[in-house]
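As a starting point, one isolated chain is supplied in structure tokens, in the form predicted alone.
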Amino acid sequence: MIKRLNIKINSTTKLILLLVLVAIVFVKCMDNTANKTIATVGFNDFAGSEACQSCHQDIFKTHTQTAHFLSLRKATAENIMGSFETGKNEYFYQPNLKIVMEKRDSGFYQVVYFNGEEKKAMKIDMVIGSGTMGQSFLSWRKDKLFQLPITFFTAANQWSNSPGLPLNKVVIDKPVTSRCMECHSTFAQSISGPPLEPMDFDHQKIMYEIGCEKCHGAGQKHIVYQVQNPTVKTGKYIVNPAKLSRQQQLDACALCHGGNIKKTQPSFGFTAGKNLADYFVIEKGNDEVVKNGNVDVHGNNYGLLIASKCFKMSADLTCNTCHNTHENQRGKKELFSQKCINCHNTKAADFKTPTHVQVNDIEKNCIDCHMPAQPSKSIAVKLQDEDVLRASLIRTHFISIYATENKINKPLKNGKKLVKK
């Protein structure tokens, strides 16, 4: 009798233990799910870059001159670089098909004409691009955004077809996705929600520039706290990129300079200080692919950099080692070259190569040889009077030893050639 009772108790205990174990596993799974549910920020969490200038006036002033800050703006006469003067405002696709850039009472437009008859007028609502390489233009249609067919190409000071669009016909239905906006603005509030693309955006809840909060995180809570606690000198509720890990610093840049990464979370979920791999499937660098020129110099600066010997041999090299994102440093070869000299001793024996000894003041220009400007495959446009594509020349971030003469007439996949002006 006792034996049978023991068996019954043991079975009951086992059942209870099993139920407890299932409960623990369930709770653990719930915890893991909760941990993977990534909190996102909303428009009201942001304060805007202008709110930063009362405490950071000098940094704010210089940052407004950078290409980042000028990446997305409202379409005004001051922000649009191309000419609207008669004779300078037309782009012909065919002899009887053209687009004319026109200023009307209600704003600026790209207007399609066929056989001299107006077919469609598309308002220019936004300017995308700082103008360093060029400017493209976006147009609202209800709550969706579309890229307009004509781009301004700075190097030639001309209107051109927009990169990636056909050369002989007008395309007016290229949508602007949330991923596009994620890289060209600080924040854009979706009103349609994932996974729909192209998304609907709230016209009134777009933070146009790549501003302070793109790298430092949404600042509304930070500003409220610091105003209420003026004696606290350590910034609260804000990200200091300098205190992040090396990979987190790289991630903040790779969000937009990391090539064709595939998102696994809604756009604008990632913010500086988080791990990019929690939001995207990251392209793995392939040295041979990079060396063969199959990684475009525009868009995947991160992939080019991490494939470089300089990066691999350094324990702490990041984008910010060379770039001060608070300032416009474009064209300052000596400044960037000095970053090289900080690691490479010009008096060392291994530095005195046959090439180096022939160059006067070599420490003032390392980058033209080791990070030369190369033609972009993605930013290549058709100008009105040319029968080949004109590519933007962009400095590569694959730090290496290059031939004296760069091959800039490398053909594109579509058979068109790249030319340098």
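Note that the structure is predicted; figures quoted are calculated from it, not measured. Numbering starts at 1 and runs along the sequence shown.
Although it is not shown, the form predicted in complex with ligand HEC is what the next lines describe.
Contact with ligand HEC, judged by heavy atoms within 4.5 Å in the model of the complex, is confined among 125-133, 87-95, 164-172, 103-111 to 125-133.
Just one of R179, K144, K205, K274 comes within 4.5 Å of ligand HEC in the model of the complex, counting any heavy atom, and that one is R179. The contact residue chosen from N320, S139, S190, Q265 relative to ligand HEC in the model of the complex is N320, the criterion being a non-hydrogen atom within 4.5 angstroms. Contact annotation: C52 falls within 4.5 Å of ligand HEC in the model of the complex, judged by heavy atom distances. Using a 4.5 angstroms limit between non-hydrogen atoms, F60 touches ligand HEC in the model of the complex. Looking at T355, you'd find a heavy atom of it within 4.5 angstroms of ligand HEC in the model of the complex. Ligand HEC in the model of the complex comes within 4.5 Å of no heavy atom belonging to K119. Residues I210, G211, C212, E213, K214, C215, H216, G219, H222, I223 are the ones in 197-223 with at least one heavy atom within 4.5 Å of ligand HEC in the model of the complex, listed in sequence order.
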